[in-house]
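Here's a solo chain for you in structure tokens, the form predicted alone.
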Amino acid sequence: MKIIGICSSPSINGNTGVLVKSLLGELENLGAEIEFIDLAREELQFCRGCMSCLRTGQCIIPDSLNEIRNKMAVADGLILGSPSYGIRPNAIMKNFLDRVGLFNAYAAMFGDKYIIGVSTAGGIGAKQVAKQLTDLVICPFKQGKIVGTLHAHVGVKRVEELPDIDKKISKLALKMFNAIERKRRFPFQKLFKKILFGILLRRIFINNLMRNKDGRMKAVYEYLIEKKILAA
């Protein structure tokens, strides 16, 4: 079992990073192989909107994105963490989601993953941001499994000072470990989105894909065939 924690906090020992690392530590104690990726310390340029990833399967920008995305592709579980900036993920995480989002939206590259969203806020927004981060695995062709969220409104405190935070971390880590080990499905999560994707967006995506499967969406088509999400 491989779990990757990805955090976008600009602070080296920020509250969000502490929560992501603590979850990973608990999962490692349970027997999982873990890795922590600190986005603020990675080289990540902005998405150029060239859509080359849809044609080639890889981003053409020579930075850290392809390496990170390839690690995510082989992981069983993902933990995404961002502080709340205006009740949204911060700019570092938004950019990262832009970079991985286009190919994933069509190919459902992370549609078989288990995910936890993590966020902290000095005031408000941590709960909303943590939920937003889990949308990464909800795609038209396939939907991943949302294990839960971990969020904390810390004010001027350190997250370590919050009551019962260790219990929440341990409980959520155990839930993810057991869910992956038992291949739990969570069939009723994001039910409205699943229905919307299944009835409307999936057909739109397929039509677009079939028109462009030999050109600008070649890599997406080949990926979906390889993963047996679409029939050849």
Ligand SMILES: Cc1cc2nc3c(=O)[nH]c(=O)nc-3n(C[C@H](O)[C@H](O)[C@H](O)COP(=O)(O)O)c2cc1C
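Numbers for residues come from their place in the sequence shown, where the first is 1. Only a predicted model underlies this, so the values are computations on that prediction, with no experimental measurement involved.
If you look for the form predicted in complex with the named molecule, you will not find it shown, but the lines that follow are about it.
Subject >> Residue contact check: G14 to the named molecule in the predicted bound form, 4.5 Å heavy atom >> reply: Yes - in the predicted bound form, heavy atoms of G14 and the named molecule come within 4.5 Å of each other.
Subject >> Close approach of A121 to the named molecule in the predicted bound form, 4.5 Å, heavy atom >> reply: Result yes; A121 sits at the interface with the named molecule in the predicted bound form.
**OP:** Find out whether any non-hydrogen atom of S22 is located within 4.5 angstroms of the named molecule in the predicted bound form, and reply yes or no.
**Re:** Contact with the named molecule, no.
Subject >> 4.5 Å heavy atom contact, P83 and the named molecule in the predicted bound form >> reply: The answer is yes: P83 has a heavy atom within 4.5 Å of the named molecule.
Original post:
Heavy atoms within 4.5 Å of the named molecule in the predicted bound form: which of the stretches 71 to 79, 141 to 149, 121 to 129, 95 to 103 has them?
Top reply: Among the candidates, contact is made by 121 to 129.
**OP:** May I ask whether A32, I116 and S170 all come within 4.5 angstroms of the named molecule in the predicted bound form, judged by heavy atoms?
**Re:** No.
Original post:
Looking at the named molecule in the predicted bound form, which residues in 128 to 161 have at least one heavy atom within 4.5 Å of it?
Top reply: Going through 128 to 161 in order - heavy atoms within 4.5 Å of the named molecule in the predicted bound form - there is one hit, V154.
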